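In structure tokens, one chain follows: the form predicted alone.
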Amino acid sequence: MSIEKVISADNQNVSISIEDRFDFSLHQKFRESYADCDTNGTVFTLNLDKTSYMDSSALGMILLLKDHADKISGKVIINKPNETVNKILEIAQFHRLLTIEL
């Protein structure tokens, strides 16, 4: 399990990649990955192409990221979830809240 963060030179795009399991054990690291990104209009791209498992706490963490983005007039994009993860996002109706790019 790991989290990798890449910030663009202009601080307008933050890419957060999660590998393997996305569960409560990543709560602190996930929060730290975006907490200091407070530039207005920042787009947070959450790359889930290497995520094999996601539980309900991960859904809550994504909602906290969305709240953070909303506070700075930003946006959250979920990028390339695999079939299993996408099914979880569909059941939770996240497609109504966020942009999900397959």
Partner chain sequence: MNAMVENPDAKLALVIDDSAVNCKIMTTLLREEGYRVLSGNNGAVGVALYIEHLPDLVLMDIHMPVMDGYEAAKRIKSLSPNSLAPLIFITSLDTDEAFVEAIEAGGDGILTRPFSPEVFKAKIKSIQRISNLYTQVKTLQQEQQQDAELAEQIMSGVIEARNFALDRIGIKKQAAALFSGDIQLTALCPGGNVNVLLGDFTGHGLRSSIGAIPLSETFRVMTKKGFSLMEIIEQINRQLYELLPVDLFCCVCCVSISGHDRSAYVFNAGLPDTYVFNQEGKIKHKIESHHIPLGVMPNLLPQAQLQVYSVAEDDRVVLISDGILEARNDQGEMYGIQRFESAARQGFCHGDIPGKVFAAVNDFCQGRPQEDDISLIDIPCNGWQQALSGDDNAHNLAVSEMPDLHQDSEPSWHWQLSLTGQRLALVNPVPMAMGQIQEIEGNGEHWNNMYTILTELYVNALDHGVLRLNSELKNSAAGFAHYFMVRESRLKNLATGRIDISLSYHPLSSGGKMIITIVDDGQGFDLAAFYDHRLKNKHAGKDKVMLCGRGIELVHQLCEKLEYLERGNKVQATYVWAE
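Since the model is a prediction, treat every value here as computed from it, not as a measurement. Residue numbers count along the first chain shown, from 1.
Same protein, other form: the form predicted together with the partner chain, not shown, and the subject of what follows.
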Of the options V43, L26, L64, I72, which one has a non-hydrogen atom that comes within 4.5 Å of the partner chain in the predicted complex? L64
Give a yes or no for R21: in the predicted complex, does one of its heavy atoms lie within 4.5 Å of a heavy atom belonging to the partner chain? yes
May I ask you to check whether S57 falls inside a 4.5 Å heavy atom distance of the partner chain in the predicted complex? yes
Any non-hydrogen atom of I100 within 4.5 angstroms of the partner chain in the predicted complex: no
Any chance Q93 has a heavy atom within 4.5 Å of the partner chain in the predicted complex? yes
